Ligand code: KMH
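Single chain ahead, by itself, as structure tokens, in the form predicted alone.
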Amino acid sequence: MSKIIITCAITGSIHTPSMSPHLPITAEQITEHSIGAAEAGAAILHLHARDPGDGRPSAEPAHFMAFLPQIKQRSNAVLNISTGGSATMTLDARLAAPKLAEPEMCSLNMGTMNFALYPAAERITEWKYDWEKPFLENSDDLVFKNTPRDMAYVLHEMGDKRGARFEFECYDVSHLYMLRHFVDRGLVQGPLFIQFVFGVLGGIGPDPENLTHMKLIADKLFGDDYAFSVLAAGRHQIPLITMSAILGGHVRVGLEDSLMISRGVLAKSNAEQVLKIRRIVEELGRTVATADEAREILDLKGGDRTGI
């Protein structure tokens, strides 16, 4: 099997500060969590920003630039900036920081979908900030807009104009067919890095059978010209990404995807999750890729050609 790339998604835009005291919010916290994850073995850092005052998801370039240069100076990790941001943001807002930073990688969501977070609100009794509860509860009427026009725009702005390659986030089988559509249009070239996403309410469920089916369809659509990784929400994180490693895929961990390190135990850092999956995949006989090996596997432009 080829070397395995560990991606770590540091903070995301789904979890709120009341869910865990360990969720990184400030630029300093995001920086320290990122460096720790890289030192633990994460080759790619998937990055969102937050307002340091109250922890809400932020698209402000200033909030990103408060930590991106520091991470780059202290780490060789590939910096992968989200273009998904939050489902509540406009596309222009979501792209403001990536356009400025011109990173090696960006994420790209491959379909419009329901993105329901409201069940999480039922598990919280004390809230740190006023924005959190309505943010979660109002997601019962939230559509995460990613139309074909939106996708083509991101591909042009970040790929054609700025040389970024993509983590294609596929939350359902239909998203694989949408990606094939863009390959057929000539707007996407291989090698592809496809992130299978499981367990978000509105996307495909976190069943092992769904992972094998997603891989089967991706094999059918893309042949040998793609690599896949797996992320799974919450308690499904470690079981499904371990399955990915067994199937020859790559893995993603991080507090964006799960706040836990084991059943009922909050992870104190992103590095904890990286070390856990690193131990598992190495015991399975996989060799963890360095950041430079990930750059070679994914044909990235290199950290010296970014705006960070």
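This is a predicted model, so every value here is computed, not measured. All residue numbers refer to positions in the sequence shown, first residue = 1.
What comes next is about the form predicted in complex with the ligand, which does not appear here.
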Q: Using heavy atoms and a 4.5 Å cut-off, decide whether T7, H250 and R286 all contact the ligand in the predicted complex.
A: no
Q) Does at least one non-hydrogen atom of A291 fall within 4.5 angstroms of the ligand in the predicted complex? A) no
(Q) At 4.5 Å between heavy atoms, is N109 in contact with the ligand in the predicted complex? (A) yes
Q: Indicate whether the ligand has at least one heavy atom within 4.5 Å of a heavy atom of G203 in the predicted complex.
A: no
Q. Is H33 close enough to the ligand in the predicted complex to count, meaning some heavy atom within 4.5 Å?
A. no
Q: Given that the partner is absent here, state which listed stretch (206 to 214, 121 to 129, 76 to 84, 135 to 143) has heavy atoms within 4.5 Å of the ligand in the predicted complex.
A: 76 to 84
Q | the ligand: the contacting residue among I71, V197, M158, L176 in the predicted complex [heavy atom, 4.5 Å] | A | V197
Q. Taking the ligand in the predicted complex, which residues of 28 to 64 have any heavy atom within 4.5 Å of it?
A. H46, H48
